[in-house]
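Given next, in structure tokens, is a single chain: the form predicted on its own.
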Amino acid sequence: MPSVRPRLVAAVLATTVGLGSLTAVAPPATARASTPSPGGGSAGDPLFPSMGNSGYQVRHYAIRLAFAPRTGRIDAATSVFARTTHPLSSYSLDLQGLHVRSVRVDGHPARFERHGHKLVVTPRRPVRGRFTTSVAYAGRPTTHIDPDGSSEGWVPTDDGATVVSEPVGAMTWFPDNNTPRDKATFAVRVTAPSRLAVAGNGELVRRRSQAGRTTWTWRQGHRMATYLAMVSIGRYSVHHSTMRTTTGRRLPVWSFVDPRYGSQAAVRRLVPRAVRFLERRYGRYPFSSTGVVIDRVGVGYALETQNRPVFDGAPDAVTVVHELAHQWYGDSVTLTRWTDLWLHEGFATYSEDLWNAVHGGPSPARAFRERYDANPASSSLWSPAPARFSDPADMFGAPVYERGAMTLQVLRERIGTSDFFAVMRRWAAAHHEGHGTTAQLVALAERVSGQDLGPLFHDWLYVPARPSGY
């Protein structure tokens, strides 16, 4: 997520009214026989201990949403297809604000309570294995304010609204298991006045107009963390083309540009070039479409929303490269704990260095030296350590981005360029549409190189001080 701060710059129920292509059934699962109990009210993340639920895994979200730009209100229904890890007498979803009209579980009315951002559901009978929760809700979505003071989630704009949800803002527009540990497929159907366009994740599978309103249906067939789910509604110029990847695949390219920024032809031409550049280093592009959303959002950062990143204003080339690099590292391979955010931001920042090196800028080694020499021991670059911080306000600071990138350059110099890029490609392939931890990355790098790399990663990721000897 770069930016001006790379976030330093970066009333319908699916079970009673057919959602058509939006409804999907989770694959069969067998819950172990045991006494039903409430689902865990947290996913266990140390930075966001109240978020998520450990009692179930979501397989698919089907979201229907009607947007009224004059009032900023939505009228929506979300069906959550999930399976239990054990029989549940009750469980929670995360939903901030909005008025819940009804909840059904497997088609039957269910009791529900609101406790802060928790929507606690008590079904008529305990759920075992596969189950579906359908929530009808409405209201004007709130914008979530992060511990660092930035805005995220549903953000109203002067011509509509845009969703940018890292780390926990997804709950501002749909009920979810709000943890990056729980990825799912998505189908999102948004109806808005026909003068507006609607961007989303994945592929545009349908666009229908009637009586001055248009419904856009987006399907995300690749598993996605909730914070990467996006809709953006506004007066866009819509550009559709195709590109060919380095492996010969043809990818649809859907881009949405606020006309106040012109056509952004240079940025749109850059997208296929950057995807191919990154493929040559990291392996096959992990998804089945790409593109960009360029809007006047007013948040001061860009976000790597899956398939097509959102940019607050016209981006420069390295910001585009940064967000597209996240499609491999962050979107496809996602952290399990937010304290491992360097696995996203350090990798994307290092991708900027790689791009700069072949476009007239310094080599990655020189970029490392310039960062190191420009930051004495007292600099904020060195503390808190990139993988050891306890305040969520520190998530998007320089250590996570720049010291994270420096860690990768130190690793490259230690194990050599060939082994380094073997690690990068194997990391992306082995954890495709999954999750990874720092410990797993260290283990992979040690297997590939045959070296003991524990001290290197300890000094660069866990010690809140300037590493010496460089």
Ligand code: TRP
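Residues carry their position along the shown sequence, with the first being 1. Not measured: the values here are computed from a predicted model.
What comes next is about the form predicted in complex with the ligand, which does not appear here.
- Taking non-hydrogen atoms only, Y401 approaches the ligand to within 4.5 angstroms in the predicted bound form.
- Proximity of M171 to the ligand in the predicted bound form: non-hydrogen atoms within 4.5 Å are absent; the residue sits far from the partner.
- Among heavy atoms of R308, none comes within 4.5 Å of the ligand in the predicted bound form.
- Although the partner is absent here, T245 sits far enough away that none of its heavy atoms falls within 4.5 Å of the ligand in the predicted bound form.
- With the partner omitted here, the stretch from 137 to 145, 321 to 329, 104 to 112, 372 to 380 that lies within 4.5 Å of the ligand by heavy atoms in the predicted bound form is 321 to 329.
- Though the ligand is absent from this view, in the predicted bound form it lies within 4.5 Å of a heavy atom of just one residue from L93, L303, V292, I233, which is L303.
- Checking S241, S150, T122, S288 against the ligand in the predicted bound form, a heavy atom within 4.5 Å turns up for just one residue: S150.
- Contacts with the ligand in the predicted bound form, taken as any heavy atom within 4.5 Å, map within 330 to 361 to E345 alone.
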